[in-house]
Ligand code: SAH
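Here you get one chain, nothing else, as structure tokens; it is the form predicted alone.
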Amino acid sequence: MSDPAASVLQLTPRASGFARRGQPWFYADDVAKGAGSPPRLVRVHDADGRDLGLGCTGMGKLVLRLCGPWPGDGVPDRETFFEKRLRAAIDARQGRLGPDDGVRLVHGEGDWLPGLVVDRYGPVLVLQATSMVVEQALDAIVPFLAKALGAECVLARHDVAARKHDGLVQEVRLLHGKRLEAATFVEHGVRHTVHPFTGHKTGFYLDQRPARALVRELAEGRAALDLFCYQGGFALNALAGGASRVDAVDQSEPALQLAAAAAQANGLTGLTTHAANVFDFVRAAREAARTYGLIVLDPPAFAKSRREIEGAERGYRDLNRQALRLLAPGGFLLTCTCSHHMTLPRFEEVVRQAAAGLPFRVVLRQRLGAGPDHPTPITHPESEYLKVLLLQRLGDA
């Protein structure tokens, strides 16, 4: 590079302290020297000139995201950088790369690849790029991944609002190979069919793998209720675990059809689907005096911004209270939030409020989060978006 100084950004003293404590995101007033534009890989120094590794610059409010240590004092070319980082991510997940596995292959900051998510469903790879640096490097990223994993289909699910912050268009498109409208993978012995071009997120919620395993362990002999079931990931595991029956509730008829088809394909019986508003369903079930031994409450993110937190709390509080009232004595409620604006302490407080005043005791049995293929840096709590609580109604005295 003709001007090495153009590849260095120096942080302010205050931002330098945050960086040394593990914060990966920085804004324009955190940069003392160097320009964030154009978006590119840069070397990052603290206020005293000490090396902080690499970073990628952006066009939105976040002008710099750290990309971890790198040998030497220069900036690698994009092929070298992405191949090394992607190889490390693949190696970290070697035990989950069988032909029938589903796995989060790249998890942004957790793999020192901010702005990139890659999910694998057997022969299909689904990418989401939310930074210009990643977008401009897709011609290096996609061929490497396709070759390393033998992918038959690589597609971009770039239909996320976060792309607008770096001036990127929202789109869904094929990047490599042939267009596969459906792919299957096996998790906990249950076969799931994913529609990567049209499904939620990248096609499935891989982050709930630990919670689905727990539901399977708890289900034997219980009547179960799966609220906001989507295509029935929890419902199928409850049936596979020996649930006597499962009611699966969602407003999406196509999603419920997928759930019913998946139950049939896995040889599982006892599933009843309900196309309904969940708030209405739980109130009607309460009025009908129905009870369940196992309930899963996994709603979409109610708080997509800080401004929505207060309304989200009301929604979570109401739903959790109604769900707790549907529990049979000894029954379990697995309740979740996927909003990173709803911190774990705040979510637990909302659930405590939901349980307050009920004519029975509710105890917290377990806390869960995303699986190990979704690494969460302890110094970056913003990336810990998924919180899962397992509650139990104690038997009546």
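Nothing here was measured: the structure is a model prediction, and the numbers come from that model. Residue numbers here begin at 1 and follow the sequence given.
The discussion below concerns the form predicted in complex with this ligand, not included here.
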Only one of 198, 136, 252, 80 comes within 4.5 Å of this ligand in the predicted complex by heavy atoms, so just point that one out. 252
Option touching this ligand, based on a heavy atom within 4.5 Å in the predicted complex, out of 92, 182, 276, 148: 276
With a 4.5 Å heavy atom cut-off to this ligand in the predicted complex, the contacting stretch among 112 to 120, 83 to 91, 165 to 173, 277 to 285 is 277 to 285
Residue 155, heavy atom within 4.5 angstroms of this ligand in the predicted complex: no
Taking this ligand as it sits in the predicted complex, is residue 247 near enough to touch it, meaning that at least one heavy atom pair lies within 4.5 angstroms? no
So in the predicted complex, is this ligand close enough to residue 300 to count as touching (4.5 Å, heavy atoms)? yes
Considering non-hydrogen atoms and a 4.5 Å limit, does this ligand approach residue 229 in the predicted complex? yes
